[in-house]
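Just one chain follows, in the form predicted alone, and it is written as structure tokens.
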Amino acid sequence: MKLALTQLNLSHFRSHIGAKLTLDGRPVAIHGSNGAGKTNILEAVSLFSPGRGLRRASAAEIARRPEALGWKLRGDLQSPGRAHEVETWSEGGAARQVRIDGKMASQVALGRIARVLWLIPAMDRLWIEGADGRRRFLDRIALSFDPDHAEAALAYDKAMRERNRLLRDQVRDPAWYGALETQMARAGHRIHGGRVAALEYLSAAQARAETAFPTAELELQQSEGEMPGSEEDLRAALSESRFRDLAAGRALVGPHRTDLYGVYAAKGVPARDCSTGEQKALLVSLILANARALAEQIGAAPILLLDEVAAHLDASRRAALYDEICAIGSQAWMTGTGPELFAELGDRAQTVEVTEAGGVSSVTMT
């Protein structure tokens, strides 16, 4: 059974006062002028997964201006085994709420019924900017394989913030640190294990695939030393690092110090030293590998969100991308400025035109 949205309703979401899309599981080609509201639709779909969506925006930032009344999304989600009715919304800038099949649910529950991956222009500089972005990229991949990865990340961040507060306040009583370091070690070990597993899944998926996109060799690196191998080792490392951490005012050991290192395999060139086009092609390759691995693992390909990806590919590579998406079986939501960018898809996709007038976006299924 296919994983896909078959109905999507937006209310007061970004530039959309209201929009309704009826879908059949095929890829969705969305075209319109810059600023028309195309990416807002992709952002809406991204919120059918845990977290803050592809723009990492707060609930208040998403509400349509100037009304700021709040926003709501509703979707019919076809997932392996059954269909679900999903609603998510925010009122008055409050944290977003989730309801699945009429019952209130956590965001983590979304990750158990839907797998959503995305590639957006902001990620194009992934290999040359800070390690924070690469960790988030890897954690989204790990989350796609294990929805509980999000809970481990939240638990680790909460405990680390509390410990960092003690460090900044120059608290030296070890009793204050013990419980927090135990929590960090437990969650941190799970995070690291999830990341390692995700890289193994990607490597295997790339090795088995015939693809027009380059293969990336990936590995985890620590800013110094190695990541402790067990939960107890990480707890001990945090305890031993207190003196250094007091001087720095923050934790210097743990998975938050990990970086993702990539190499263009065929050339043996670090991803950060590749051309802009090669870096983009490596990202596309990893998203496709993630989708292939998930399709094998859960029996259904994930939903893909590809913002303006076609504009950065020549015609032959665009055609190859579309062929691979269709072969994997993903409902891919793609944006571009004109319908000609999706010509190679033909009737394998549904087409949506987005227009804007007076700050209000309109959607037409064509």
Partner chain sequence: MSSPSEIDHLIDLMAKLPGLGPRSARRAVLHLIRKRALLLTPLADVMQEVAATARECLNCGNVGTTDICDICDSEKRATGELCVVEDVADLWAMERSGVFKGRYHVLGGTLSALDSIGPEDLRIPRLADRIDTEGITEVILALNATVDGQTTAHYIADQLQGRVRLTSLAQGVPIGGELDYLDDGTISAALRARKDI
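Numbering follows the first chain given and starts at 1. Everything numeric in this text was worked out from a predicted model, so none of it was measured.
The following text describes the form predicted together with its partner chain, which does not appear among the structures shown.
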Any chance all of A266, S275 and E278 sit within 4.5 Å of its partner chain in the predicted bound form, going by non-hydrogen atoms?
no
In terms of non-hydrogen atoms within 4.5 angstroms, which of the given stretches 70-78, 246-254, 165-173, 207-215 touches its partner chain in the predicted bound form?
165-173
Looking at S239, S203, Q183, Q222, which has any heavy atom no more than 4.5 Å from its partner chain in the predicted bound form?
Q183
Partner-contacting position among E91, D132, E85, D148 - heavy atom within 4.5 Å of its partner chain in the predicted bound form:
D148
Is the gap between R161 and its partner chain in the predicted bound form 4.5 Å or less for some heavy atom pair?
yes
R112 versus its partner chain, in the predicted bound form: is there a non-hydrogen atom within 4.5 Å?
yes
Can you check whether A155 is within 4.5 Å of its partner chain in the predicted bound form, heavy atom basis?
yes
Using a 4.5 Å heavy atom cut-off, state whether A179 contacts its partner chain in the predicted bound form.
yes
